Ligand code: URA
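Okay, here we've got a single chain as structure tokens, the form predicted alone, with questions on binding and movement later.
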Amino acid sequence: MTQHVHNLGEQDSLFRQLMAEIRDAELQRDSMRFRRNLERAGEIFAYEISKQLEYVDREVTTPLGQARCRVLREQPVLANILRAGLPLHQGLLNYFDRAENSFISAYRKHEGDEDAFEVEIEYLSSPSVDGKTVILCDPMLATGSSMVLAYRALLERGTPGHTHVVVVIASTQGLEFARANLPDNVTFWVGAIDNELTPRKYIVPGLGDAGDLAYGAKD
């Protein structure tokens, strides 16, 4: 199986307008709107991912008879990297509303040099993911380290049958790192790919710090 990258921003659609709002520094001043826009992005990603999942026939009783419908064979497990991933996760959950959920805490650990850091995982809450479809989301894929470590943390709960990685904006470097360090049965879904990283590993032009914009600055 070969990894695939789906860039929803490559074609004109309302998703491109949504991305413009998410990036807009003026609109970002309204944190509620920023959170809602990330949530809306998650809903669009969920719909697109749903086209690649497995379905089965089901008989549904209507007020006037029986209808044969196609429904998901099984629900995915939705996983996100705290805290910035929460609004995006909620958008996915709005559509996969019967899904199980995983939460992973990752942070940048700085020691001395402000530009140098290591990503550490300090918390995992998850059901078994063994053999299941996992949708792992985080708004930004900068270096790719957080996503790779989050995936490896999930392996404590089993080996997914397939994983869909969802990010709003990826850097070229981060996407390459993630693809090189994640298995073949991973599909990447991105809203945009930017080419530049600052010395502190923020994506340029990017959108800034998604966690701070959604929930306020941290110390």
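What you see is a predicted model; the values in this text were computed from it and never measured. Just count from 1 along the sequence shown to find any residue number.
One more form of this protein should be noted, the form predicted together with the named molecule, which is absent from this view; the next part is about it.
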Review point. Can Met19 be called a contact residue for the named molecule in the predicted complex at 4.5 Å between heavy atoms?
Key: no
Review point. Is there any non-hydrogen atom of Gly208 lying within 4.5 Å of the named molecule in the predicted complex?
Key: yes
Practice item. Examine Ala142 and determine whether its closest non-hydrogen atom to the named molecule in the predicted complex is within 4.5 angstroms. Key: yes
